[in-house]
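This document opens with one chain alone, in structure tokens, the form predicted on its own.
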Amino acid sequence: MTTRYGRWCLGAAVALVVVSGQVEETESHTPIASRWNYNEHLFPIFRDNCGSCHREGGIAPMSLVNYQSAYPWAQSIREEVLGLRMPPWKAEDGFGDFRNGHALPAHEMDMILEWSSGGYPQGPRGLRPDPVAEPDAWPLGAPDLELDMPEPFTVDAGTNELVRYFVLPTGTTEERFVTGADVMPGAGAIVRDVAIYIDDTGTARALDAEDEGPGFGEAEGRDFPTGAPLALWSPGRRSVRQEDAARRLPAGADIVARVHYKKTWITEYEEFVDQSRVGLYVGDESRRTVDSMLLSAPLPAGGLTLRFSQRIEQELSALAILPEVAIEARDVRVVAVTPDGTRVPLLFLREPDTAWPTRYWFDAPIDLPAGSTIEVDALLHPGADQAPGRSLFGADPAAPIRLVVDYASGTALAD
């Protein structure tokens, strides 16, 4: 499988070939040297890979799904693609395979690089791509249980970034088994990401009651969350439904949505009203139980490496990894080692950060026998700074690296 490094080399080579024929041209004009044009070739790439965020009314500060908006950003697009920063997918291809992967294939990277360096032609003027709008239907299909925020929440003009928790009562009278969740944002221009939790303790309700406005904030919510989220949502990232595993939703439990609002330089100083919706997908009790294990790194003891591990005491099937890297690291590698010494690659992150929280879902469950070990190795930047922050799954914020491994055990929900 082509690696991110291989795609970068291939893309860089194309860019150099294109640029080499232009060195004698004036800076005021870039000649058309690209075989690819926007209307025929680039628009489908931007629509399918960028359009969820980079559209009119989207979370990104510019649209890439019409030519007039995209071409002024051609050089920035080139730099982001060459730097492997966009689309925001940190996992190294080939070191673990993921069902919600979002890396650009090599040939599409090359088309973007050649177009952005070769005069960024528009293409046939009579070919006008259709506008990309916010989806009006649930991408995973109609949910079995649709929940609205109980009341609208206003992000005032003077607030540019905010995290808020909202309690969405399910009203269920019997236990249900949740195989997936999705979000339809109410204010798509500022809803950066949403973490969805199941709470049957009443903790979130109590915190909500103490707060004057809708929901409750981070400071008041220091007792929440205490476990892994049911789901993570962000624009452009595909939500996932499990086929043979589910989490329990006790009767009368609440869904809690942690909504991260963030404005861009286009939307700052504007007021927004949000009333996002959460959709739950339900299966039956024949599925296996989904649970999560937490791994936390010790404080760094000096040097450029940070290693820690955890032994698995029972046979299980690993489903996904949700990492939080709160220290400046060059890369983080996660491997499972079975009792016979077999090393199973799980996740390899390059230049990880906390800006885009991502749960990496494996293409297929990875079966690990009892006695296996999950090993984490991180290579740190010299003088790496640590930025302690609140954990999405209630881990100790002082831990420089923490991750949750979601797994299915052999126990059926009915048991």
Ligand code: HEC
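In this text the structure is predicted, and so the values were computed from the model without any measurement. One rule holds for the numbers: they count along the sequence shown, beginning at 1.
Omitted here: the form predicted in complex with heme C (HEC). The next part is about that form.
Checklist line | Proximity to heme C (HEC) in the predicted complex, single hit among Val335, Met86, Leu294, Met149 (heavy atom within 4.5 Å) | finding: After the contact test, the surviving option is Met86.
Notebook entry, point to check: Of these, Leu380, Ile374, Ile366, Met62, which has a heavy atom no more than 4.5 Å from heme C (HEC) in the predicted complex?
Noted result: Only one listed residue qualifies here, and that residue is Met62.
Notebook entry, point to check: Based on heavy atom distances of at most 4.5 Å to heme C (HEC) in the predicted complex, which listed stretch, 366-374, 47-55, 383-391, 343-351, is the contact stretch?
Noted result: Stretch with heavy atoms near the partner: 47-55.
Check: Is it true that Ser76, Val81 and Pro235 each have at least one non-hydrogen atom within 4.5 Å of heme C (HEC) in the predicted complex?
Finding: Yes, the whole trio is in contact, each within 4.5 Å by some heavy atom.
Margin query: I'd like to check something about Leu104: if you look in the predicted complex, is any of its heavy atoms closer than or equal to 4.5 Å to a heavy atom of heme C (HEC)?
Written below: The answer is yes: Leu104 has a heavy atom within 4.5 Å of heme C (HEC).
Notebook entry, point to check: Quick one: is Lys262 in contact with heme C (HEC) in the predicted complex, heavy atoms, 4.5 Å cut-off?
Noted result: Because a heavy atom of Lys262 falls inside 4.5 Å of heme C (HEC) in the predicted complex, the answer is yes.
Note to self: Contact with heme C (HEC) in the predicted complex for Arg288, defined as at least one heavy atom pair within 4.5 Å: yes or no?
What the structure shows: Residue-level check for Arg288: no, no contact with heme C (HEC).
Check: So in the predicted complex, does any heavy atom of Arg176 sit within 4.5 Å of heme C (HEC)?
Finding: Residue-level check for Arg176: no, no contact with heme C (HEC).
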